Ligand code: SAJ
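What follows is one chain in structure tokens, specifically the form predicted on its own.
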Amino acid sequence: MINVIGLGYIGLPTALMMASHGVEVIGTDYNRELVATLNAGKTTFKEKGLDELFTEAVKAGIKFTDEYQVTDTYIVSVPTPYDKFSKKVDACYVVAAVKDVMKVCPKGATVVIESTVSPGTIEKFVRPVIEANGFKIGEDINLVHAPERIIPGNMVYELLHNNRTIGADDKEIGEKVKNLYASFCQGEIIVTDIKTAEMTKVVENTFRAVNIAFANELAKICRHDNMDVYEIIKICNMHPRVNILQPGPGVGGHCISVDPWFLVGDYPSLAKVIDESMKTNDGMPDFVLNRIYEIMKEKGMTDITRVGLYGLTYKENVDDMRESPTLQLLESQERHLANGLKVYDPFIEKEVVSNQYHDLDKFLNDVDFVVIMVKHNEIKENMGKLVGKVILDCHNICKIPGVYHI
């Protein structure tokens, strides 16, 4: 039996996928309200295919509880934020979960850390916890790192098809965990050592962050000298060895906006390109806010309450707001002692910010200036409703004449 610890954006889909493929699974989370929701037959966030997967897993016998189980395999999938001052990974949730596992696990159990961590985190933080509880790693407890590799909006497909990495001290244990993931994973599964597995996951997200930063920096340069960044990128990408990404209003989520900071925190004198790239990405919400004020001035607008931000999530067609550029922009606006921007997102039903709307038509009726922060399908399908508005399109999806870009 597998005890999956942490039933959030990664742990829940992983638990459901294993259960639906014949693995006996019990999911554990300290959040009793979340556990109660799952036991009531409801998922806790929106994701394509998740409800169907949930139904399959329940039929297969998955159970949810706030108690840790006595079993031979644990998968720890809890958040790993970073310290905003030191930029180092904050392993407190992983450490707390492992401590609780140590209270109930029998000798011979395998503890799999799925949470994304910086290289050396398991050595520095997890091993001491296990040893402090009287277990000898490799004899009494087997330790493995199997970093997740899925993206909100396409989780179910990527769980099935993405390649995976398993890091283990012992190759035989690594192969056993590989076989566990092979119960559902159709991609290639590589077995390596723990520190290499830690590093590869962080590097994957850092690669993406750096390339996004290049596109965002191009947008700033082109805006400074009145050039069309989208036309320039389109022409450059006709070169067979060039593939520049598209700029945007910022980077959110719990991967690209967080994981690269781990390397900056651990290697501050070496990770210079990464550091500057992250600063570029983190600066984009402020850049968009400045564009709003520039356009308002150009249009002779003075009432900030007639400006609306479309989109609260960090990316399109999901309900995930972690590190959302819109939330960052609103925080920046508050720091500048201004407020009043209206906000709407079709995926966010609960009230999370002031001046939040829950109906597109009502939102558009109350604003003269629309800032497209997120390219949800809804706005793409309703572009006609934006005619006559001042529009700042942060994703180059609007073809209405006179639209502004970042």
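Just count from 1 along the sequence shown to find any residue number. Everything numeric here is computed off the predicted structure, so don't read it as measured data.
One more form of this protein exists, namely the form predicted together with the named molecule; it is left out here, but the text below deals with it.
Pro152 is the sole member of Pro119, Gly265, Gly308, Pro152 with a non-hydrogen atom lying within 4.5 angstroms of the named molecule in the predicted complex. Exactly one listed residue, out of Glu204, Asp228, Asp140, Asp282, brings a non-hydrogen atom to within 4.5 Å of the named molecule in the predicted complex: Glu204.
Partner contacts here mean any heavy atom within 4.5 Å of the named molecule in the predicted complex, and among 181-189, 127-135, 164-172, 250-258 they occur only in 250-258. Relative to the named molecule in the predicted complex, residues Tyr82, Glu217 and Leu329 are all farther than 4.5 Å at every heavy atom. The named molecule in the predicted complex is approached by Lys315, whose closest heavy atom lies within 4.5 angstroms of it.
Contact check for Ile212: a heavy atom falls within 4.5 Å of the named molecule in the predicted complex. Shown alone here, Asp90 lies farther than 4.5 Å from the named molecule in the predicted complex, counting heavy atoms only.
The named molecule in the predicted complex comes within 4.5 Å of a heavy atom belonging to Leu245. Using a 4.5 Å cut-off on any heavy atom, none of the residues of 87-104 reaches the named molecule in the predicted complex.
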